[in-house]
Every structure is written in C-alpha cells, then in structure tokens.
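Next up: just one chain, as structure tokens, the form predicted alone.
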C-alpha cells in the first residue's frame, strides 16, 4: 500500500546508507516545442512554496522539489520471504532542455528495523527511508527489486509512484499534448550497495531487459542517495536518447528507401535530440569512473556517434544531390 504524497518538510536522512533502490521513468514531453524556463518552472511546481531548481550549464535543466510518499507494504524479495517495510519514498521530476521529462523515485533501506509498527512521526523524521520489520538480506532485496516485473503483486512498487507522477505532469494544462514524434517511455530499475572489503570494488552492471526495461546494479565505496539518484537519472536519460534515435532511424528506412523521404522522417531527431547528448556532465565526481566504465562497455557514446554520423552522411549526400543508394563500388 502506498500513501499519497504530502508536503512534508525534508530533513537529511541518516548518513552512509548501505542499500538504495530506485526507479527512473523517462519520456518525451508531450508538447510541440521545447518548454521555456518559466513554463518549466510552472510545470514542476509540485509543492506550494518550494522553488523549482534550474540550471543552464552545461544544458538547461529544471528539477522539482522532492515529494515524500508513505509506504507500508511487503518488500520485493527474490526468495519470497515476507518482510514488511514502513517509511517514505522520495520522488522528483526532472525536465532537460524543456524536452525530456523524467520521474525518479528512490528509497533507502535502513540497516536495521524493529518488529513494532511505530507512529508516522518516526518515519517522517527519516525522509526517503524504509525500515524493514526484521532482518533482511541485502542481496535478496536487490534481486527482488530488479525482478519486480516477475514477482507477485502487492510488494513495494516504486514504478507505480514514478508512473503516477509522470502521467500527472504529462496531463497538465501548460502542455499542448502535441509531441513532435512518437516515442516510448523507458524504465530503469536500479540498486546501489556498498562495496564489501576485499571484494571486487566499485562497479556497475547495466542490462537491457527488453525494449523499454533496463536494470542497473551499482556497487560503490560510498552510497550517497542524492548523487546516486542523479547518476541514474543521467544514465536513464542517455539510454532513452540512444534507444529513441536508433528506433527513429529504423522506422525511417534510412539506407533502404530511395529519395529524401527517410531524411524527412528523421528531421525531428535532428531538431530535438542530437544536441542533448552530454553523458556524465552532471554526475558527481566520485561517480565519474562508473560512467567511464559504462562508456567502455556497453559503450553508449560509440553507438550514439556512429548513428549520428550515419544520419549526417546521408544528409551530406542529399545536399549535393547524390542519391545515397547510387554508389555501386568496384
């Protein structure tokens, strides 16, 4: 069971959590043009009296105030072990360059929990933290959260919180509901745990589960909730960009259909997507090596650069009047 968001005052959670779980949902804003900064602030004003944070460098971004959602439900364990969790989940919305909208939810799992259900004031004093009603193996929860789609219903569902926020924002009156092209929402389920002494050290395992679902396992020396959530939002944004660009190229018929039609179908990508690629630009310095590892494998930027270059090569051939399919070779 989840409780609706309320305008609670935020207090910093206890330092040094060992386990975080979260989800990020990413979508094209349902608006015909990039949303101006003033309108973006209006869209993301989720809590009365709290400002929307904006920045212009290295790209335009607006971040909503945090929302807290009360939760009191079983935790998603891979073993099926019944462990109840009570506390609050932290969610927020992020709008990048007035074009890409994300809903991000995270929860810190307390290292210890009691067997007694305490008054809500206890949990509100620990925002973004869920306390289990007994001992809980971290690996069991990690596997359960990342397998949430394959587990029985009724457990803690961060995706439902994210989806509710995203749907609410996409339906607001400030938007005209006329997106420049068709695209799909993507989901990133993620976990972050502290590296064990003598273990393999920090690292990340990113997996494409299907056309819209991705999972990420982070192992870190220090698990900072705010920095980790921002890292996952940045990763989800660039994964959405790459996924969407590849899909647009496939749908366009580039390289197979004659004439200028494929490039005309790709114009929205040129107008709205190509300038947004800035992986790791807002990632905390401590997490930069993790991004560098993901750039090595699976290699986001290599695939992005190859796809963009393919589009530009066809644009160049079209500009000089040479059909892209006319060259036959020796």
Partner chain sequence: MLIFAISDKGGTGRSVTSANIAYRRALPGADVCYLDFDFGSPTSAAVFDVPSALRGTEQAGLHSYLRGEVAEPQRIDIWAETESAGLRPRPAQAGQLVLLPGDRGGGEFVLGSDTVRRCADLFLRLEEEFEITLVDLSAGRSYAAQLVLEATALPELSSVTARWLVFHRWTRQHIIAAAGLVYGDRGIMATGASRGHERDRLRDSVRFVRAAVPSPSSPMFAELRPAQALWLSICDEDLTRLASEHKLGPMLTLGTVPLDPVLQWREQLITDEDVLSSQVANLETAQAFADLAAALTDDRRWQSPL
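Quick caveat: nothing in here was measured; it's all calculated off a predicted structure. Positions refer to the first chain, counted from 1.
The form predicted in complex with the partner chain exists for this protein as well; it is not shown, and the discussion that follows is about that form.
Just one of 243, 219, 77, 170 has a heavy atom within 4.5 Å of the partner chain in the predicted complex. Which one?
Only one option qualifies, and that one is 170.
The unique member of 185, 194, 238, 99 whose heavy atoms fall within 4.5 Å of the partner chain in the predicted complex
Of 185, 194, 238, 99, the residue with a heavy atom within 4.5 Å of the partner chain in the predicted complex is 185.
Can you say which of 196 to 204, 172 to 180, 230 to 238, 132 to 140 gets within 4.5 Å of the partner chain in the predicted complex, counting heavy atoms only?
After filtering at 4.5 Å, what remains is 172 to 180.
27, 30 and 163 all contacting the partner chain in the predicted complex, non-hydrogen atom within 4.5 Å
The answer is yes: all three residues contact the partner (heavy atom, 4.5 Å cut-off).
I'd like to check something about residue 81: if you look in the predicted complex, is any of its heavy atoms closer than or equal to 4.5 Å to a heavy atom of the partner chain?
No, no contact at 4.5 Å.
Could you pull out the residues of 245 to 264 that have any heavy atom within 4.5 Å of the partner chain in the predicted complex?
Residue within 4.5 Å: 251 only.
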